[in-house]
Structures are given as C-alpha cells and as structure tokens.
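Look below for two forms of one protein chain, each set out as structure tokens: first structure 1, then structure 2.
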Structure 1
C-alpha cells in the first residue's frame, strides 16, 4: 500500500483550496507558501487533479485554480486516486484467479489484505473534502 507525501500534499492543497476560495481562483504560489510545498511539485500534482476533473484552471495573471465541484461532493478517495496513490494492499491481481507468488490459488493472507483494502477505501469514500475545511476544523 502506498501513502506518501504526494497524496498528502494533494489532499492538503485541495483542503487549502476549499478553505480559502471565495470565487476567485487561487494561485499555486499562494498554496505553496501557505502549505510550504514546492511550487514546481505542486504544479505536477495539479495537472493530475485537473485531468481527473477535481479542479479547473484559469491561466494568465490573476489566474489559478478553483474546485471543479463543491467540496461536499469531493471524496478523499477521488483525490488520492487522482494522484496515483491508490490504496493497494493486495500483492496479487485482485481480479485474477492466481495468487501472489504465481501460485494457482490465493494465498493464506489474501482475504486479510482484501478486507483491509475495503476498510481503508471505505474510510476514504466516507470523508468529503468539506470535512477538512477550516470551518469544520475544531
């Protein structure tokens, strides 16, 4: 399973966007400063967020990014998946009959990882971006 800075940064940046936007686009340099993430790295992350229809961009001076849809409709899982950080706990291909280690049968721990997978993804499905905005932080 993977969960690294890229995924964390993506969620941080989206939360920043959701917290600070009031219609106007937010530039990456703003986010870079507020969240202390390198601008060039942010750019790479936002390309993926854009491709996945989580944000839209406006170019040129005073440009920046805005959420593509309301923060109530964006799941954390959408963000994580967008930046290629799928939560993958299984070692084998999920929809194959074969197990890991090239065996013909699923291994003894397969069910465990499968359940964990559902457990984690269920969590990411439940939480919305809205839940992370300043307004909702206690």
Structure 2
C-alpha cells in the first residue's frame, strides 16, 4: 500500500487543528511543535488544504488557520485528495489493459489488490475528521 508522509501529515495536522482550535486560529508553528512536523512541510500542505477549501487563514498577531467547515463534514478522503495523494495498492493503472508486470494480462492477484484498494478508499470515505478528535478524547 502506498500512502506517503504528505497524506499522513495532512491528516495529522487537520486532526490537530480540529482538536485545538476552540474557535481561535491555530498557527502552523503550534501544529509543527505538537505533531513534530517540519514547519516548511506544513506550509506546503496547508497551501493545498486552503486551495481545496478545507482550511481558511487569518493574518495578524493572532492569525493562523481554522477549519473551513465543521469537522463533522470533512472526510479523511477529502484531506488525502486535497494534498494530491492517492491510496494505491495496485502497481498498475486500474483500467489499463496492461498488467502490473507490464505484461499483456493482469497478474493473478490483481483482483485481490483491487478489492483491498476499494476497501481502504471506502474506509477513508466513511471516516470524518470529527471521528479522529473523538478518539483522542477517550
């Protein structure tokens, strides 16, 4: 399975933002310290999150980021997709006629990995950002 640090860090940062905002903007440096993610990397991630209307920013001494919409409306798949990530278990293109080994036919386990891919992506479609913040409160 392939999910890069960018996708993982984006979900971590959004969960941190949802857990700590209390109706005030949160600076990236706060998230960076709490989650041990490079500030420069967070800046790149938050540009994409903002473009995709998952966060909004405010300037000034008390500036930072807040969620664009409630955590109950943000799916984990929205976050992963916003940072141009894709959870992928297949080595080949899903609808290609060529297989994973660049042969004319799909490999014998192609359908297994395809079903796993559907299961994982379906899971990320069902889990909301709010679910992560509830888990941390337990």
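Since this is a predicted model, take the numbers as computed values, not measurements. Residue numbers count along the first chain shown, from 1. C-alpha atoms forming the largest set that superposes within 1.5 Å between two forms make up the rigid core.
Engineer: Decide which single structure shows the form predicted in complex with the DNA, answering 1 or 2.
Structural biologist: If we ask which form is the one predicted in complex with the DNA, the answer is structure 1.
Engineer: Kindly check if the Cα atom of residue 75 is displaced 2 angstroms or more between the two structures relative to the superposed rigid core.
Structural biologist: Shift at residue 75: below 2 Å after core fit.
Engineer: For residue 110, what C-alpha shift in Å is seen between the two structures once the core is overlaid?
Structural biologist: Core-aligned C-alpha shift comes out at 2.7 Å.
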